[in-house]
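Consider the single chain below, provided in structure tokens and representing the form predicted alone.
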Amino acid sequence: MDFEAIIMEGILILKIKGELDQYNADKYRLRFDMKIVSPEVQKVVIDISELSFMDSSGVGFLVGRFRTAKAFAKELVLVCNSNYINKLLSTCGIEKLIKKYTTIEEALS
């Protein structure tokens, strides 16, 4: 897994690429949380459009980041346009918890 973090105008954009599995979720959990709780961040957009694989640990990772953001009164949304990942998120009920968009532009508006 590779990720890129960009902060602009109070919005943290986290772009995740590759695989989001147990190994990577454990490896990046703290790094993501430190960025989310930054005082300059008001909204978090996690872009998972370029994920090639995600398992239940990846789903748990996303829910954990949502809880972190919520605990610090920050909005968190997802960007995903992969049929495979969308089906997984839908099956797990993530869409009831986290707003999901198909493009970053939609998520930022």
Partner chain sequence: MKVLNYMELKIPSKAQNEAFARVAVAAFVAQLDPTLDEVTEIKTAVSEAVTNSIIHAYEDKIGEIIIKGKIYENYVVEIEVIDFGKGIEDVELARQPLFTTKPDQERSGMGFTVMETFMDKLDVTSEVGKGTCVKMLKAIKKRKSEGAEN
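Numbering follows the first chain given and starts at 1. Being a predicted model, the structure only gives us computed values, none of them experimental.
Beyond the structure shown, there is the form predicted together with its partner chain, which is absent from this document and is the topic of what follows.
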| query | Quick one: is residue 88 in contact with its partner chain in the model of the complex, heavy atoms, 4.5 Å cut-off? | reply | yes
| Does its partner chain come within 4.5 Å of any heavy atom of residue 97 in the model of the complex? | no
| request: Although its partner chain is absent from this view, report whether residue 81 comes within 4.5 Å of it in the model of the complex, heavy atoms only. | output: no
| said: Is residue 61 near its partner chain? Define near as a heavy atom within 4.5 Å, in the model of the complex. | reply: yes
| request: Would you confirm whether the three residues 35, 42 and 74 all fall within 4.5 Å of its partner chain in the model of the complex, going by non-hydrogen atoms? | output: no
| field | Residues of 9 to 37 having any heavy atom within 4.5 Å of its partner chain in the model of the complex, listed in sequence order | value | 19, 21, 22, 23, 29
